[in-house]
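There is one chain below, alone, in structure tokens, taken in the form predicted alone.
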């Protein structure tokens, strides 16, 4: 039987841990060595759906432990993925299945380059989940989850478990297109909301922000096409506006990070896009301006 270890048991990691456990799959949360749940030897995640509360108790393990890991789900922020895997690298058996479920692009290649012995997969999810407290998650809305591996058309055997989860979870034979499409939409929305401290809906309501989104989409589309991802950005601007209207009251994850003083995923979103633009000799000044502005928001005070 598969036994999944979860790195990053926040909103999405915790949600999938509960889904897997409900499906009869053993799960263990991998924790930092100083996590207080290690003393208790287990952790309880409370999942709220509407007015219903569901409590799940999980085995826990310190990253520094030595027991082997054969199936690893990574749901940390993009900027934390490589150091998080490095913290448990000594536990990963040769050929271990590693599923990366995070925003952005670039870290996938970093993981494959550093750990070529691992069988790495990538995923994208639009499940709505947010943390209400440290181990309390609200499953706010259903979406879809797509999982794949570049160059692999058929799903591996282990994915049977995931396909049977009580959510929309499917195998994608073209995961690169899926990830590029999500990157493009995130690049057009998240940095603008983070910079202007506004919910997603303001990007449609305010003429100045709506015009900025259109300019960003034009640049993003040109870069994606140069990278061979025309399918991912077909009708990009209408797609972006549809997402904005559907999530009008939402605060993007990047805005939440900025408000909390945390590092953002900008380097793996707009930063990755601009690296691709440079690779193909393209200019993307609107995106470059946003990258610098968002990084300045989370930069520490200048040295005196």
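Since this is a predicted model, take the numbers as computed values, not measurements. Positions refer to the first chain, counted from 1.
Keep in mind the form predicted together with ligand PAF is missing from the figure; the text below concerns it.
Checked against ligand PAF in the predicted bound form, the residues 145, 108, 200, 172 give one hit for a heavy atom within 4.5 Å, which is 200.
Of the listed positions (45, 258, 274, 243), a single one reaches within 4.5 angstroms of ligand PAF by any non-hydrogen atom in the predicted bound form, namely 243. Partner proximity in the predicted bound form, defined as non-hydrogen atoms within 4.5 angstroms of ligand PAF, places exactly one of 76-84, 187-195, 211-219, 114-122 at the interface: 187-195. Ligand PAF in the predicted bound form is not approached by residue 91, whose heavy atoms all lie more than 4.5 angstroms from it. Using a 4.5 angstroms threshold between heavy atoms, residue 103 counts as touching ligand PAF in the predicted bound form.
Contact check for residue 253: a heavy atom falls within 4.5 Å of ligand PAF in the predicted bound form. For residue 139, no non-hydrogen atom is located within 4.5 Å of ligand PAF in the predicted bound form, even though that partner is not displayed. Taking ligand PAF as positioned in the predicted bound form, the only residue of 157-183 that brings a heavy atom within 4.5 Å of it is 182.
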